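A single chain, nothing else alongside it, follows as C-alpha cells in the form predicted alone.
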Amino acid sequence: MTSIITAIAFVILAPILGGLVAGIDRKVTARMQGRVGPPLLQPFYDVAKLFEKEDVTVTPSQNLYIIAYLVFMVVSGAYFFAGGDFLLVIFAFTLAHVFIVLGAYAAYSPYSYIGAERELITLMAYEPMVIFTAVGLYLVTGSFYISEIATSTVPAILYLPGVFLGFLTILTIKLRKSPFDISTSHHAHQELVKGLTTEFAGPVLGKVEIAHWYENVVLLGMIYLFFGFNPVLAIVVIALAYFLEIFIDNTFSRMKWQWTMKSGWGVAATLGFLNLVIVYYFYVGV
C-alpha cells in the first residue's frame, strides 16, 4: 500500500518539484552570469504557454513517440519511488530515451537528425555507469530493490566512492549540461539550435519539458541511494550535487562528442568498475 501511495505522490509532485528545480537552475545561472534572471516559477509559465499554442508536428508519429517518452519516464519514476527493482527502472528509463530519439528522427530535419545521433552517443556514454551504480548498490546492500537500498543502514557511499564519482560524471551528461550538452541545450550558443528538440513545438514540446522534470527528479533520487542511511545528509548532498552541475554548466565550454565518450567510459565507467572490483573482493569476501 505504501509503495502505491509513493508512486502516486511521485506522479503528482515530481512535475512541481522538477519545475521548481528548473526555476532555481535558471535563477542561479543568471546570478553567475551577472543577471537578475527570470522568476522562480518561469518554467511553469513557459510550459503553460506551450500548451496554449497550436499543436503543430511535422509527422503524426512525432506526437506518438513523445507521448511514449513521457509515459515511460513517468512509469520508470513511479516504479523507482515505489521501491521497485532498480534494473527494471533502468530499462524503462532507457526505453523512454529511445522514444525521444525516434521522435527526433521522425521530423526529417537535419538539426534534429544530428541531435538524435548525438543523443544516442550520450546514451552509450552514460549507460554502463548507470548499470555499475545498480550493481555497486546491490553488492553493499544485497538487493536490487530501491525500497531495501534506500532503507539500508549500510553507508553505501563509504564503500562506493568511485561509483559515486562516476555517477556524478555521467549526471552532467544525463542533465545535458555543458560541456556535454551535445544533443540539445537550454543555452543559446549551440550550433545545433535546439538539436534534438528543434522540430518540437507547442504542446509536444511542453510534454518534452515535463518529461525532463520527471527525469531530473529520478536522477536526484538516485543520489539519495548512496546516503540512504542518513536522509538529512542525503538531501544536503543532492542540493550540493545539483549546484555543482550548475557551476560546471556555466564554467566549461561545450566539448566534442568524442570527449563525452571518453568521460563516460574512460573516466566514469573506469572509476566505477575499479570500485566494484575492490568491493567484490574485499567487502563481499570472494
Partner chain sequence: MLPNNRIKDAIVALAGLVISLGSIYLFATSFTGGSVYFSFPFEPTAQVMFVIEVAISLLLLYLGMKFKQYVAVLLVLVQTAITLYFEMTMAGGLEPVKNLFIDEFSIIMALIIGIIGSLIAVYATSYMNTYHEHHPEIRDRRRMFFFVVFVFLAAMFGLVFSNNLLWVFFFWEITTLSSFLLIGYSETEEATNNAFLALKLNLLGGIAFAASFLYLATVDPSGGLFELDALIASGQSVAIIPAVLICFAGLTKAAQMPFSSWLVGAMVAPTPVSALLHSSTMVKAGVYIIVRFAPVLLGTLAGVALGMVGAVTFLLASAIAISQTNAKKVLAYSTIANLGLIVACASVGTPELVWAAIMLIIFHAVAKSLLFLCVGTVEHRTGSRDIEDMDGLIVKFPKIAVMIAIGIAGMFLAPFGMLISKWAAIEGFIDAPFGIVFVTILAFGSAVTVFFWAKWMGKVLSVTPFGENLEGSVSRGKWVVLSSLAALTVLAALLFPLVSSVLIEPYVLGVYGETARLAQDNIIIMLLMILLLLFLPLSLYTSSKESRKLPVYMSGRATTPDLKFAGSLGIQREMTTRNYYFDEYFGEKKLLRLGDPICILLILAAAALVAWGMSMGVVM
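Positions refer to the first chain, counted from 1. Keep in mind that this is a model prediction, so the values were computed, not measured.
Here the subject shifts to the form predicted in complex with the partner chain, a form of this protein not shown in this document.
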Output flag, Thr59, Leu95 and Pro128 jointly within 4.5 Å of the partner chain in the predicted bound form, heavy atom basis: yes
Region of this chain that lies against the partner chain in the predicted bound form, out of 152-160, 111-119, 209-217, 168-176 [heavy atom, 4.5 Å]: 111-119
Find out whether any non-hydrogen atom of Asp181 is located within 4.5 angstroms of the partner chain in the predicted bound form, and reply yes or no. no
Trp257: heavy atom within 4.5 Å of the partner chain in the predicted bound form? yes
Should Leu205 be classed as touching the partner chain in the predicted bound form when contacts are defined as heavy atoms within 4.5 Å? no
At the 4.5 Å heavy atom threshold, is Val75 in contact with the partner chain in the predicted bound form? yes
Using a 4.5 Å cut-off on heavy atoms, what residues in 61-82 are near the partner chain in the predicted bound form? Ser61, Asn63, Leu64, Tyr65, Ile67, Ala68, Val71, Phe72, Val75, Tyr79
